[in-house]
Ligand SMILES: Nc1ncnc2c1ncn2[C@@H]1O[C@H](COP(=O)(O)OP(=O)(O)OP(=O)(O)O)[C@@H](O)[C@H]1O
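Okay, so here's just one chain, in structure tokens, the form predicted alone.
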């Protein structure tokens, strides 16, 4: 169905793809794997017409393609579910789903048939099991809901080649299982599916073949049944990678650094109460829209509760803004949605990382920014997180998704907050970086005695890091699992079952 011959692509100072030869057949789910910056996204943009200039050539069903745009690719049956959420916030869910096919919904009078549009959109929302009115404005929805809407949009294109770039990055296991069921049905219909994911358990669950690229070059292609996790990781990063249990955190005392009582906001969170101790990693787990992120945004002043109280270091406070949360109360927030909330894409790396520490590094009398101090601090975090950049002046929008995530985390590490809320920290991050970020979060709590609230839809990640897990369902905290890191007799399946009991 799709064949690439000697595909190459260069950017100033970077050879992103170098002589890629690949074949993708009808009725197969083919995984495309590699670290962030390996060339996966570049290859997808070549095949989908976004990069019309490249070396080599590719064929669809035996016909040579010379695509000039993404719309051109859609017309040839090639569709992409992007890792980065791409929506028009001011429009409705239905409008976003049919944006590239509005002309199909015009009446003879020339007017748009909104009833037909909503019915069409509703069909594909049902396919991804997203229970939402097609007329709902898309802007205020969560990142996970927007991701599911993007998947629904791509399914509506009836494509022969469907490329899924990190489609499960912001969704729970339940929603991922729904997507995998859809993928298998499409496979049975002869669709070619190219699946990009950093969650290797998904590769073994749903894929037929695996191709690994590294530094823009092909490393290998093999049947999933011939590979194991360790072999794939070694192919991706060129070395073995440890995923061992990290050990126990320090004994948690009575020192409560953050306490919420009865936090309620209509349609978002109801009567949420919890305590966060010094040096603790507290997990927020639940399905999409269950209230985890909504509660986090109230804690950092990005949203106001209708009722309830928040106390920091034993003192009741009212937090009116994110800057107040940072500078007055030492609370930071790594957003799940780096594109819209976590980064300023048209700024460079230096400006993005430095934005949280400008106030701290002003000259005492002149009030000017100390550029030398900022660059020194920023470079320290770039090195620490192994962010792949050409320099601090590189524009963030030109980085790979994983490196953008690292910049978002670096910004808050630089702020040196005592309380850090981390929302989906390893979304779109490769296995090597994921291992490093896990160790970093652990060390923040274990070594630096920071207090962490971890929001994650990745259950193995949650179990690996969180000491306690609060389970959210339908805008409420419905259960708690404590002492996770004294669980010598518990395995992941047992913890998963215990969580499942709360979600029934």
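Keep in mind that this is a model prediction, so the values were computed, not measured. Positions refer to the first chain, counted from 1.
As for the form predicted in complex with the named molecule, it is not shown, yet the points below apply to it.
- prompt: Which one, 150, 169, 403, 352, lies within 4.5 Å of the named molecule in the model of the complex by heavy atoms?
  reply: Of the listed residues, the single hit is 403.
- prompt: Though the named molecule is not shown, can you say which of 399, 331, 233, 282 has a heavy atom within 4.5 Å of it in the model of the complex?
  reply: Contact residue from the list: 399.
Option from 264-272, 290-298, 391-399, 416-424 whose residues, in the model of the complex, bring a heavy atom within 4.5 Å of the named molecule: Partner-contacting stretch among the options: 391-399.
- prompt: residue 22: heavy atom within 4.5 Å of the named molecule in the model of the complex?
  reply: Result no; residue 22 lies far from the named molecule in the model of the complex.
query: Taking heavy atoms only, is residue 457 within 4.5 angstroms of the named molecule in the model of the complex?
result: Residue 457: no, not in contact with the named molecule in the model of the complex.
query: For residue 70, is any heavy atom within 4.5 Å of the named molecule in the model of the complex, or not?
result: Output for residue 70 is no: heavy atoms all beyond 4.5 Å of the named molecule.
message: Is residue 54 near the named molecule? Define near as a heavy atom within 4.5 Å, in the model of the complex.
response: Close contact is absent here: in the model of the complex, residue 54 is far from the named molecule, nothing within 4.5 Å, heavy atoms only.
- prompt: Using a 4.5 Å cut-off on heavy atoms, which residues of 35-63 contact the named molecule in the model of the complex?
  reply: Contacts from 35-63: 35, 36, 37, 38, 39, 40, 41, 42, 51.
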